[in-house]
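This document starts with one chain, in the form predicted on its own, laid out as structure tokens.
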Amino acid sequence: MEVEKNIPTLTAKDFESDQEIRWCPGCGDAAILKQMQNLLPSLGIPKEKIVFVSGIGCSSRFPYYMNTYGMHTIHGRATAIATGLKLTRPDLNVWIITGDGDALSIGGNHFIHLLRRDLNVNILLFNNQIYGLTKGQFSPTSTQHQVTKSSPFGTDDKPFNPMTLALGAGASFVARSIDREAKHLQEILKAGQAHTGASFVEIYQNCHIFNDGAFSMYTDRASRKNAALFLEHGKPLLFGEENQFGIKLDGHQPKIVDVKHEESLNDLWIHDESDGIKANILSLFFETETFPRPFGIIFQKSSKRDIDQSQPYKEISVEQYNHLLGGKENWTVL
């Protein structure tokens, strides 16, 4: 949405509500909240034009802690309610806050169709691979054989890959970040907000009570440089302690090479955010431990569908409302 002129200069403090934060101390949700509050003042959007819509789960407390408009809705339906809001008020900056259980279990159908319709909203999926609010049951993204309160012998389910799901649904912006990478997270949030169309950002978020260390290999200093691949548009795919490893494509088959001894930088895979085929290959790095896990913008293309924000929304009068309720298009259930 367009930046408005002549609005008061805002700070991160202006976006903090007066509500006591009820997340467990040290929860990754608080880190995400902080980056959102740091980001919003730079966007030039009045607080009254920003709305956070959430479903059910630990992440869904988010609207209470933002000094903006917000709605804490019902399980899995934040996407549906946000769709109605954006259709009637296209001038609003709408953020959907959801979790791996809320979005990918009961809310899965709403989630994929919102991405398919490419409505101009921002979806943040807090993925901690567990049901935290209900005290530690396995979720759609829990790892196979993970022992939880609802799977004492380990879950048999293969975990959802949110990246491939979003790409398969036709999402026009797909990205991944992590709660402990503050600068990276804020850059991804800003890029998603700037995108016209549905932006989807999966955020790895640590639940240190019920699934502590689920993403430690991507955050711990000893392992992160070999386990995480941070993508930059137009740059080669490099990772390792000294960026000594690169990824090249043999046809459509990715291959890890030793840059210092085997291949030159000119032979490596250059990241192109607009390449949907390569985006799908990147998303499948999730399926194997051979390749590092990609972080950053996996895919981004121009949206072909958007509401004309230049047209003001139309208010319905009391007479029109009464006519709708009292007309012939209703029935009585006996």
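The structure presented is a predicted model; accordingly, all values stated were derived computationally and were not measured. One-based numbering along the sequence shown.
There is another form of this protein, the form predicted together with another copy of the chain, and it is not shown here; the text below is about that form.
Asks: Only one of L125, I247, L165, L185 has a non-hydrogen atom within 4.5 angstroms of another copy of the chain in the predicted complex; which is it?
Replies: The option sitting close enough to the partner is L165.
Asks: Work out which of Q146, T196, N161, T219 lies within 4.5 Å of another copy of the chain in the predicted complex, going by heavy atoms.
Replies: Contact residue from the list: N161.
Asks: Is it true that S105, L115 and D118 each have at least one non-hydrogen atom within 4.5 Å of another copy of the chain in the predicted complex?
Replies: Yes, each of S105, L115 and D118 comes within 4.5 Å of another copy of the chain in the predicted complex.
Asks: Which of these stretches, 185 to 193, 238 to 246, 221 to 229, 169 to 177, has heavy atoms within 4.5 Å of another copy of the chain in the predicted complex?
Replies: Every other range fails; the passing one is 169 to 177.
Asks: Whether N109 contacts another copy of the chain in the predicted complex should be assessed with a 4.5 Å heavy atom distance threshold; does it?
Replies: Result yes; N109 sits at the interface with another copy of the chain in the predicted complex.
Asks: Decide whether H252 counts as a contact residue for another copy of the chain in the predicted complex under a heavy atom distance cut-off of 4.5 Å.
Replies: H252 belongs to the contact set for another copy of the chain.
Asks: Answer with yes or no whether D156 is in contact with another copy of the chain in the predicted complex, where contact means some heavy atom within 4.5 Å.
Replies: Yes - in the predicted complex, heavy atoms of D156 and another copy of the chain come within 4.5 Å of each other.
Asks: So in the predicted complex, does any heavy atom of I281 sit within 4.5 Å of another copy of the chain?
Replies: Although another copy of the chain is absent here, I281 would touch it in the predicted complex, with heavy atoms inside 4.5 Å.
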